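Below you will find one chain, with nothing else, as structure tokens; this is the form predicted on its own, and questions on how it binds or moves follow later.
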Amino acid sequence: MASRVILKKPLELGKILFRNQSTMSAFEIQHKTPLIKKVAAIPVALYGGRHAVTMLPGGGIGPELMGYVREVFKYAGAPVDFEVVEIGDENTDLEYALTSIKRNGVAIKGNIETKSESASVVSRNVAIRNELDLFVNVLHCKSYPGVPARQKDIDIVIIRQNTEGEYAMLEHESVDGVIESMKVVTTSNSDRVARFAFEYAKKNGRKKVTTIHKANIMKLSDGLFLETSKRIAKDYPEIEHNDMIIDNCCMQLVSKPHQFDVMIMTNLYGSIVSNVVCGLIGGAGLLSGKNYGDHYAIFEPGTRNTGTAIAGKNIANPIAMLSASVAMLKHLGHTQHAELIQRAIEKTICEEKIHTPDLGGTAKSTDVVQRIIDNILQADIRPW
């Protein structure tokens, strides 16, 4: 029987971030701020020290990458049991996945391809984030020594608002041939993602937070996000705060990326900037992303690419998904297992330079995974 995960202090930071909503009734939360979900925590079971984690393979290369995660966990002795849930275009699939995540508290996922073009079928990825109120995405973009890249020694943290902006999925055809798409920015969500960013910087010894925006054009929506960041910044005088327009930001990232430390931005800008930085470091196959809410967490590859074109060819880079699994283990409190796998990954790609074609190498996906497993076994410090 798969066990369940429980944390002694489940995301207490989330409670701090949610302070502005703490005095609001459930009715007010749902109707005055409709993009903040009223999510109640389900008690999570724990049996024998093992944790159950929902696994959503998704489409494209997702299923094969999840197989590598299970294989590496087996040899590392990670005390995790996976509940695999396949999601198609049926709403019942999505509902079951959400129930599983609520039951387990934690999930690891590939990018889920929404094949239907019908307006009634929403993006599964967006729906999961919205329904579980995973209001923030964290992408730690750090260079791997020994990996060919356009820029070296990068260490940037991208913190992205995860549930609103252009991803609010509020579109309609006002008259024939005219489509209107709403960009929604709220004070409440801007407040808690900004506070998350400054708390992250404070706890991780970061010195600067940069707010990315387009407030010179979108004066109300991005203006609200920027002003909220400036207000929150006053509570953290020890951390430098500045702001930058999104188009200039992209240019600065390509030319002088080392000026950035922690970056905070709305949803769409986060998608763009994440891909830019991943491209500078070595591509989509290296970095993992973390999605957090008050009660749940989901871990996934950082750029959220499906990789359909290379599926089944044994050339997909497994590092991003394995890195997501390492972040998941740390979240669950299995630090020794996480560090064991992380060291094996770094030895494989940094020292031994076993690289898949996206990094300029000739190794197959299975070659990389096997060498990681070999390094785990050779370390002889497995924590069981």
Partner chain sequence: MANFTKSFLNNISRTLPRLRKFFDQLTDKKNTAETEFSSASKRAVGSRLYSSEVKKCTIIPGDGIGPEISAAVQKIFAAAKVPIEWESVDVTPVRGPDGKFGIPQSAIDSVNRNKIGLKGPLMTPVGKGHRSLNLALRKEFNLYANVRPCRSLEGYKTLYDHVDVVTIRENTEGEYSGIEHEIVDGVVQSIKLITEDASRRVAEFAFQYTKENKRHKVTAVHKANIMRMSDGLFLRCCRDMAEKYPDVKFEEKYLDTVCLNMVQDPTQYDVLVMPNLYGDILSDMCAGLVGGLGLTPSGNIGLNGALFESVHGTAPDIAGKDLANPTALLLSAVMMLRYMNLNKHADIIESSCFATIKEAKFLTGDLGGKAKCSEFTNAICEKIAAASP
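Model, not experiment: these values are computed from the prediction. Positions refer to the first chain, counted from 1.
Omitted here: the form predicted together with its partner chain. The next part is about that form.
**Student:** So which of I159, L226, C278, I156 gets a non-hydrogen atom within 4.5 Å of its partner chain in the predicted complex?
**Tutor:** None of the others qualify; the residue that does is C278.
**Student:** Which residue, S123, T99, N242, N204, has a heavy atom that falls within 4.5 Å of its partner chain in the predicted complex?
**Tutor:** Filtering the options by heavy-atom distance leaves S123.
**Student:** Look at the stretches 135-143, 71-79, 194-202, 244-252 and give the one with heavy atoms within 4.5 Å of its partner chain in the predicted complex.
**Tutor:** Within 4.5 Å of the partner lies stretch 244-252.
**Student:** Is R150 close enough to its partner chain in the predicted complex to count, meaning some heavy atom within 4.5 Å?
**Tutor:** It does: once its partner chain is placed as it appears in the predicted complex, R150 has a heavy atom within 4.5 Å of it.
**Student:** At 4.5 Å between heavy atoms, is E95 in contact with its partner chain in the predicted complex?
**Tutor:** Because no heavy atom of E95 falls inside 4.5 Å of its partner chain in the predicted complex, the answer is no.
**Student:** Contact with its partner chain in the predicted complex for G177, defined as at least one heavy atom pair within 4.5 Å: yes or no?
**Tutor:** It does: once its partner chain is placed as it appears in the predicted complex, G177 has a heavy atom within 4.5 Å of it.
**Student:** Would G282 count as a contact of its partner chain in the predicted complex, using a 4.5 angstroms cut-off between non-hydrogen atoms?
**Tutor:** Taking the distances in the predicted complex, the answer for G282 is yes, it comes within 4.5 Å of its partner chain.
**Student:** Though the partner is not shown here, which residues of 209-235 have a heavy atom within 4.5 Å of its partner chain in the predicted complex?
**Tutor:** The stretch 209-235, when checked against its partner chain in the predicted complex, contributes K214, I217, M218, K219, L220, S221, L224 at the 4.5 Å heavy-atom cut-off.
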